[in-house]
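First, one chain by itself: the form predicted on its own, in C-alpha cells.
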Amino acid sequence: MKRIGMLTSGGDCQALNAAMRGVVKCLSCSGEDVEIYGFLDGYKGLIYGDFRMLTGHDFAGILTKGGTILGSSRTPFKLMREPDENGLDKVEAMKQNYYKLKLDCLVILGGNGTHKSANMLREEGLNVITLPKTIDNDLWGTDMTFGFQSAVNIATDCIDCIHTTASSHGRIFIVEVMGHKVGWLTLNAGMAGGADIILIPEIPYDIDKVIKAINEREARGSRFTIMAVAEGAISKEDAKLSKKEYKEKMKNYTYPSVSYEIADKIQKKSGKEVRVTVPGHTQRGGSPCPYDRVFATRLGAEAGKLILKGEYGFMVGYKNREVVKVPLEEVAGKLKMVSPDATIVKEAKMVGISFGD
C-alpha cells in the first residue's frame, strides 16, 4: 500500500487538476493499492493537519477544470522557520503530520517559492516529488511549466482584442501582462499578439526610445501602437538603483502599476493618447488549453512512475522535448530568466519589435 500526500501551493493556474489526475491515474492503473491524502490550501493544510482522503471519484472529470480542487495559498519560504502567531513550529508540524499519516511520499505542485519549501522538507528527511506549475515559466531545470501556455493564450487573446479598438481610434494601447521578475509570458504573448513594443524586467527600458519607436511607426503610416508590458518592467534609471534605494523610492509610488507610469510619461513627453488594459488574474483562470492538458498529464504520469519506483527528491521537468527528473536541490531558489541575448529576443528584434533598450 502506497500512502501519498498531495498539495498545491502558491498562485493557482490552469492544469493543476490535470497534473494531479495524471499522478493518481498512473498509480491506480499500476495495480498498486494507493491512498491519497489531499492537504487543503497548500502548505497550510500540511502545517495544521487540514486534509481529506481522496478517491478516484475526486479525480473524475477534472482534466479540463481550471484552478485546484485542493485549494491553494501563499506561505512564503522566508517565514517557514518562523513560529506562527501561536508559537507553532511550522516545519516540525509538517513533519509530524507526514509521519502521523505514515506517508510514503509528498507530491507538491508549485512554483519557485513552493520548490524552496519542498527542498527544505527533503532536507528534513521527507520523501518529496514536485511538479512545475507557474504561468511565469520561470522555474529552473525545466524548459516549460504547466499553466504557461494557457496564460499565453489568454494574454494573446487580450492583445488581439485590443488591436481592433486601437486601430479604430488611432491610440497607443498598453496591455499589462503578469510577470514581476521574469518576462517569458509577456515576451511570448507579445510576439503572438503582434505587439510593436515589448517591455520585460530583464531588459530595462529607456522611455525616450519607447517614444522613438512609437514615432517611427507613425512616420511609416501606422495609426496605433500596441505595447505588451510586464508588470515588473523597469526603467534604466530605476535598474541602476540599489535594492534599498529602489525600495525607498517605491514608498512614494503613486501609480496603480508600472503600465500607468509608462502611459503617463508617454503622454507628457509626446502628447499622444495612451490607454492601459490589465487582464490581471484572468491569465490564471479558465480551462487549461489542450497543450497544458497533455503536458500536465505527462508530468503527472512520470511523477507516478517515480513514486512506484521509490525515487524521491526530484522535480519532474521537461528538457529538450523529453520529460526528465531534476534533483530538487538544483531547482530550489533559482529563477529561469529571459536573457537579453536570447535567440527569441534577437528574432523579435529582427521583425521590428522594440524592447525600449
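Note that the coordinates shown come from a computational prediction; the quantities given were computed from them, not determined experimentally. The first residue of the sequence shown is number 1, and the count goes up from there.
Unshown form predicted together with a small molecule; subsequent notes refer to it.
- Residue heavy atoms within 4.5 Å of the small molecule in the predicted complex occur in exactly one stretch of 158 to 166, 277 to 285, 264 to 272, 188 to 196, and that stretch is 277 to 285.
- Contact annotation: residue 176 falls outside 4.5 Å of the small molecule in the predicted complex, judged by heavy atom distances.
- By the criterion of a heavy atom within 4.5 Å, residue 74 is counted among the residues contacting the small molecule in the predicted complex.
- Although the partner is absent here, residue 171 is not a contact residue: none of its heavy atoms lies within 4.5 angstroms of the small molecule in the predicted complex.
- When the small molecule is considered in the predicted complex, residue 200 lies well away from it, no heavy atom lying within 4.5 Å.
- Interface residue among 107, 135, 229, 118, judged by heavy atoms within 4.5 Å of the small molecule in the predicted complex: 135.
- The contact residue chosen from 209, 180, 236, 95 relative to the small molecule in the predicted complex is 180, the criterion being a non-hydrogen atom within 4.5 angstroms.
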